[in-house]
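The data below hold one chain only, encoded as structure tokens and taken in the form predicted on its own.
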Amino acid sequence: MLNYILRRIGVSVMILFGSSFLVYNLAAYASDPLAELRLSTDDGARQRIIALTRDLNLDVPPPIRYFMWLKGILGIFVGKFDMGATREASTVQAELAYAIPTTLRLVFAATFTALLIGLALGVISALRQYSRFDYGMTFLAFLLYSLPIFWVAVLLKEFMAIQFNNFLADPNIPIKWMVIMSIVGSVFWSSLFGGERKRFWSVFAGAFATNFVVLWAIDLTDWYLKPGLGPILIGILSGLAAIGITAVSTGLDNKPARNAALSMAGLGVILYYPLQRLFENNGSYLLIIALLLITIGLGYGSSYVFSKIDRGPIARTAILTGVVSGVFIFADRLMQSWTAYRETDAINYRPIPTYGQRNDQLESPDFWIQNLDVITHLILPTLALILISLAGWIRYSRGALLEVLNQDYIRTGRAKGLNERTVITRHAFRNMMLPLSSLFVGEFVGLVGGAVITERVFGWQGMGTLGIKAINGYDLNLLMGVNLLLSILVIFGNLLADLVYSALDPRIRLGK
């Protein structure tokens, strides 16, 4: 395996060298950074031409200029890394350092959310093949796939930002909309859990009543203005999460795993008020990381409390439940800052923004208000990317699972008497992930390259915007910085996909 990785790295270095040489020279010969200045009648144009020629080495032939640029890149091995200067006299490193965190924040939120939701819906759609739910997901996937991203982004800005902010001025849900939203939710849940006609309508009625009561309670309490979960609701949600995670991970008949998961959910309720006091006095990312590590330790320790053998699945179930419970507590603490966030002068009671990656006028030292501002700016662009990516993940995961379910070893597992959960989670799901792993790498690298349209519509200064800026401004050094970073990500992503293949399928031996 080590030899294979070293060979791939060596080949990758040669590919990087060849591609960067071609891109640099093609861009250099195809563009002229001094074209506008030569046509300018401004008195300072001559001096500006001389300065740019000197700073960007425009009097040197492009092939030689490339090696001058490459010398700065290779300076990383001697501590003199230099990607050159932009036309605006700033360093390329500074421009990339500003754009990369912005893009990664958007990409991680959108890609992983779309992947999780798409996998869940696709797997359920495959398991319910030719059911109402399957037909509904197929229709939804083709609908979302056909929508242009710029149109989706504009609709989100209108209805989920502008209209929602107007709604918050006097939040009141009419009975008509409560009924409509309850019907939509009931159709989803009855399609998911229903079977025969009698069961379908029973689930429909129960879901309709539950949705209507929840919407009525939200409207009655003005929950939009003062949101929160509280220990009781967190306990209910954590308990449901514990049951669901146990059912998928080990099966509800595994008593030690079920007890470990429920104990982690109960522990979250017990620690609710101590954590609130801790958050109030010491809000920071370091605290959140420390709590995550403690949760992992407690989940792993619970496997020793509830079982003496086969502790791995029990620890996994408990840790996942603890993390989900922690997410609920973290979300509740953010909700508690909602009112203070809305009332700041920078927000002025319109909390859902339509432009930018954060509000520069918001001057609050509060850790939770600052993060709430980042999250609200993430909502619209993330949701736009999720809606567009979701269609592909639903179809990919559905097709991959259906192909695996038709294999001989799946029929053999069922013939041996294995229950359906074991067949799906231990045998089918792992092999289903083989083709999806390479798709995920390509999706992720593509978004890191810049969701150009999304960034432009929502005013985010990410990698896509930076690349367009480099092309429009004939900024060769900036263009090469973006290209080099994306090339490294593509090559590393392909290598990672191959390693994931070997981890998912032991039959693959990359070292042979």
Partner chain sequence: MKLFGRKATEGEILAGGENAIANKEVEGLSQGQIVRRRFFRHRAAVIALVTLSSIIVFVITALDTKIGPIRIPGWWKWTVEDIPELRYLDCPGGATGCPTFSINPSSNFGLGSHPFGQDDIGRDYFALVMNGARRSLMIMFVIGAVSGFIGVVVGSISGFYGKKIDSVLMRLVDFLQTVPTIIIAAVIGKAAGRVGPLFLALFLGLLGWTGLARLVRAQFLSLREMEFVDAARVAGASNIRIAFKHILPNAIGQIIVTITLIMAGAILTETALSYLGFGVVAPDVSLGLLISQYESSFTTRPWLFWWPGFFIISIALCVNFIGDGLRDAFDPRQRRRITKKDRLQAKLQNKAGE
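Just so we're clear, the structure is a prediction, and the values are computed from it rather than from any experiment. Positions refer to the first chain, counted from 1.
What comes next is about the form predicted together with the partner chain, which is not displayed.
Residue contact with the partner chain in the predicted complex: N472 places a heavy atom within 4.5 Å of it. When the partner chain is considered in the predicted complex, V500 lies well away from it, no heavy atom lying within 4.5 Å.
Although the partner is absent from this view, L168 stays clear of the partner chain in the predicted complex, with no non-hydrogen atom inside 4.5 angstroms. Among heavy atoms of G10, none comes within 4.5 Å of the partner chain in the predicted complex. Partner contacts here mean any heavy atom within 4.5 Å of the partner chain in the predicted complex, and among 310 to 318, 153 to 161, 70 to 78, 378 to 386 they occur only in 153 to 161. Annotated contacts: E403, I424 and L486 all touch the partner chain in the predicted complex [non-hydrogen atom within 4.5 angstroms].
Of the residues R87, R395, R342, R105, just one reaches the partner chain in the predicted complex with a heavy atom at 4.5 Å or closer; this is R395. Checked against the partner chain in the predicted complex, the candidates M335, I369, A207, A247 yield a single residue with a heavy atom inside 4.5 Å, and that residue is A247. Taking the partner chain as it sits in the predicted complex, the stretch 18 to 51 comes within 4.5 angstroms of it through a non-hydrogen atom at G18, S19, L22, V23, L26, A27, A30.
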